[in-house]
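A lone chain, given as structure tokens: the form predicted on its own.
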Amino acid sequence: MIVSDATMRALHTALTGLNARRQAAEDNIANVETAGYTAKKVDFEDSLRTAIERGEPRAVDISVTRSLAPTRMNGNNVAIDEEMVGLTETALRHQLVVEGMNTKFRLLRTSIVGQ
């Protein structure tokens, strides 16, 4: 039995986007002292919103771009404090999406079992 509907597809896509953002932040932190490294930025929320409105939440463009923020003398523009805050925010959003999936499964179980 496949449990997949528009809500689950949207939540799954959101997790994919959040995972890409987490990976970018981890790369940025790992390269905070690398000369010439510019921070990666991940955007998918607008694309996900548009895809949901069209009824196809899997058709999402997860874009990874380089930050245009000013660089330090070594050409690096990673702001470690912003990256740490971003990682925390991404983790909280991830928990929220997982809780949304868990709620969906609880509703499904309740409808099957009847309790």
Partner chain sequence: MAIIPPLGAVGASPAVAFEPAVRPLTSPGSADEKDGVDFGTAVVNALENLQASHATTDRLAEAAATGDLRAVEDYMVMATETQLATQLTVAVRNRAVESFNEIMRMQV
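Numbering follows the first chain given and starts at 1. The shown structure was predicted, so the numbers you read here are calculated from the model rather than taken from an experiment.
From this point on, the text means the form predicted in complex with the partner chain, which you will not see here.
Colleague: Wondering, does Ala10 line up within 4.5 Å of the partner chain in the model of the complex on heavy atoms?
Modeller: Yes, Ala10 lies within 4.5 Å of the partner chain in the model of the complex.
Colleague: Taking 4.5 angstroms as the cut-off for heavy atoms, does Ile62 touch the partner chain in the model of the complex?
Modeller: No, Ile62 is distant from the partner.
Colleague: Examine Ala20 and determine whether its closest non-hydrogen atom to the partner chain in the model of the complex is within 4.5 angstroms.
Modeller: Taking the distances in the model of the complex, the answer for Ala20 is no, it never comes within 4.5 Å of the partner chain.
Colleague: Although the partner isn't part of this model, could you tell me whether Glu45 comes within 4.5 Å of the partner chain in the model of the complex, counting any heavy atom of the residue?
Modeller: Glu45 belongs to the contact set for the partner chain.
Colleague: May I ask whether Arg72, Asp81 and Leu87 all come within 4.5 angstroms of the partner chain in the model of the complex, judged by heavy atoms?
Modeller: No: no residue has a heavy atom within 4.5 Å of the partner.
Colleague: Counting only non-hydrogen atoms and a 4.5 Å cut-off, give the residues of 76-96 close to the partner chain in the model of the complex.
Modeller: Stretch hits, in order: Arg93, Leu96.
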